[in-house]
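Take a look at this single chain in structure tokens; it is the form predicted alone.
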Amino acid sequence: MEVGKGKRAGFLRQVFYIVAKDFRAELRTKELFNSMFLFAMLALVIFNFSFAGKMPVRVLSGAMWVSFLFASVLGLNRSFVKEHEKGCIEGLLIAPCERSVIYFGKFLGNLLFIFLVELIALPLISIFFSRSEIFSKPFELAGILVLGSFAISAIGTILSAITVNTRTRELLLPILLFPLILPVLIASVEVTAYIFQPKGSIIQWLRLIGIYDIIFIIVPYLLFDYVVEE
């Protein structure tokens, strides 16, 4: 029993080291976060000018999630690039830890950056679109942001590992990611619209997001070892 607890603690500690490494590297340059945030803001500004007057709730929800998704792609694309370009990925692979530690460290790091972008973008969205109700149910909104962003990061991280060795990774990642993430994106838009303006039922959408989150955290865990070997 104690051995199992110690192994889990060691696993989590190693994951934390990778997250902390990426976060410290980003603090030095701020290159990734700035590009993600600016891209999200640019997409929102375009949506703002495209719709005269007050934007319908469903359109507002769609604009939010599309902006977050596009910004996330920038971060996901760079997830393994620095290690690949500097040859650090080989060091990670020969480290005395499970290969899945690398995946979960990168996954949580990507999730952290996505959350930071969303956290800073939400007040600006409220100002841009004159929608104070964005913060009327903060816990419900935070819940769907967690569920939706979890799926984006989980799927995007494993695809980033798959495409990092290709010459056209910047193009290939969104081509692979968008079809896979589309059901989650639609469900997240529906749930977010419901939070802003309750109407109908969202149980089926929440169930869909939950299933995606479970599948795409288990499958990469099982397959990551084979992905990095290639």
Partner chain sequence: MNKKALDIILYGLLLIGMFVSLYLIFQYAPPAINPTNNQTWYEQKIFYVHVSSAWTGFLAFFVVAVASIIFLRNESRIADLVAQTSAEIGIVFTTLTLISGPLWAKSFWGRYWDWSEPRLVTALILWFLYIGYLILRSSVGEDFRRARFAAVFGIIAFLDVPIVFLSVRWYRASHPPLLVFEPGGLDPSMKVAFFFTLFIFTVFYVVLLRNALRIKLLQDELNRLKEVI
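Treat the numbers as computed from the prediction; the structure is a model and nothing was measured. Residue numbers count along the first chain shown, from 1.
FYI, the form predicted in complex with the partner chain isn't displayed, but the following is about it.
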Report summary line: Answer key, the partner chain contact in the predicted bound form at 4.5 Å (heavy atoms) among Q197, N165, T29, N34: the residue is N165
Query raised in the report: So which of L38, V45, I186, V59 reaches within 4.5 angstroms of the partner chain in the predicted bound form, heavy atom to heavy atom?
Result: I186
Query raised in the report: For this chain shown on its own, do L108, S136 and I144 all sit within 4.5 Å of the partner chain in the predicted bound form, going by heavy atoms?
Result: no
Query raised in the report: So, in the predicted bound form, is I215 in contact with the partner chain at a 4.5 angstroms heavy atom limit?
Result: yes
Report task. With heavy atoms only and a cut-off of 4.5 Å, decide whether I18 touches the partner chain in the predicted bound form. Result -> no
Query raised in the report: Looking in the predicted bound form, any heavy atom of V66 within 4.5 Å of the partner chain?
Result: no
Query raised in the report: Hey, in the predicted bound form, does V117 get a heavy atom within 4.5 angstroms of the partner chain?
Result: no
Query raised in the report: Though the partner is not shown here, which residues of 154-190 have a heavy atom within 4.5 Å of the partner chain in the predicted bound form?
Result: I155, I158, L159, I162, N165, T166, R167, T168, L172, I175, L176, P179, L180, L182, P183, I186, E190
